[in-house]
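Quick heads-up: it's one chain on its own, the form predicted alone, in structure tokens.
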């Protein structure tokens, strides 16, 4: 069995999840972690280096897992690091996926590398379910409901706002909208109409609550257009009541195979830990990406481009027999 050597860039919740997920895979070795911070200690004992040491690992790491935030880190990091390494990221700003793809595709092709973007459960596994549903039931509509759970990307975006000391954001599906879809209604329901965004925010000393609330509610690509509720809480309350990171959601395709014959496809996730599950998806796709590279591919890819069998450590024969 070939051992896949991976590295991690960043050491937040997602990166710690990748470290745990890699340890549970028999064919994957975590070589090193790279952080912008000095003195970082790995929970699993993996060596941690500062970012300026990254170039020394060219040839020693097969795939780098980029575990920064979508709002400020991944687009820049991917362009820089993708010129030297095969990379996987979890970029989740849906409105900018095509821009990110186009820039990284050029970088990866020029370097003879492969890169895989927007890996996780949404975008990622949920994206595949939407594709499958649309292909199987062309006469119908897709519906995606996220939550109830903490969004890492949205929480991180709030924390970057001046005046915010800490924050968590819950995405909450509106139950009435979800039930309409489950009944087979092809309703015109937008993501903005079918979700509530609930924010718990700790203000920095001297910050103005009204200014911070306005900045959150008008943030493009994250909160603008959604019903958004902002609760200001103490750090103690945030730590006590909102320290876990659950998430999940539902993808439905409501369609018809002939008039008056309604079919509903539903796929759901219920996650105790959003970052741990997302990390597990990243690790599986790192294996798939290297199989793509082994066939001579270069450039940028998404989950739509990956054969499902590439994700599994099992042989094609085992997959045919067991699954």
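Everything quoted here is computed from the prediction, not taken from an experiment. Positions refer to the first chain, counted from 1.
The following text describes the form predicted together with another copy of the chain, which does not appear among the structures shown.
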Region of this chain that lies against another copy of the chain in the predicted bound form, out of 67 to 75, 122 to 130, 206 to 214, 166 to 174 [heavy atom, 4.5 Å] | 122 to 130
Can all three of 94, 256 and 285 be found with a heavy atom no more than 4.5 Å from another copy of the chain in the predicted bound form?
-> yes
Would residue 136 count as a contact of another copy of the chain in the predicted bound form, using a 4.5 angstroms cut-off between non-hydrogen atoms?
-> yes
Is there any non-hydrogen atom of residue 31 lying within 4.5 Å of another copy of the chain in the predicted bound form?
-> no
How about residue 270: is it within 4.5 Å of another copy of the chain in the predicted bound form, going by heavy atoms?
-> yes
Contact test in the predicted bound form: residue 52 vs another copy of the chain, heavy atoms, 4.5 Å = no
Go through 183, 160, 109, 231 and name the one with a heavy atom inside 4.5 Å of another copy of the chain in the predicted bound form.
-> 183
Using a 4.5 Å cut-off on heavy atoms, which residues of 292 to 322 contact another copy of the chain in the predicted bound form?
-> 302, 303, 304, 305, 306, 307, 308, 309, 311, 312, 314, 317, 319, 320, 321, 322
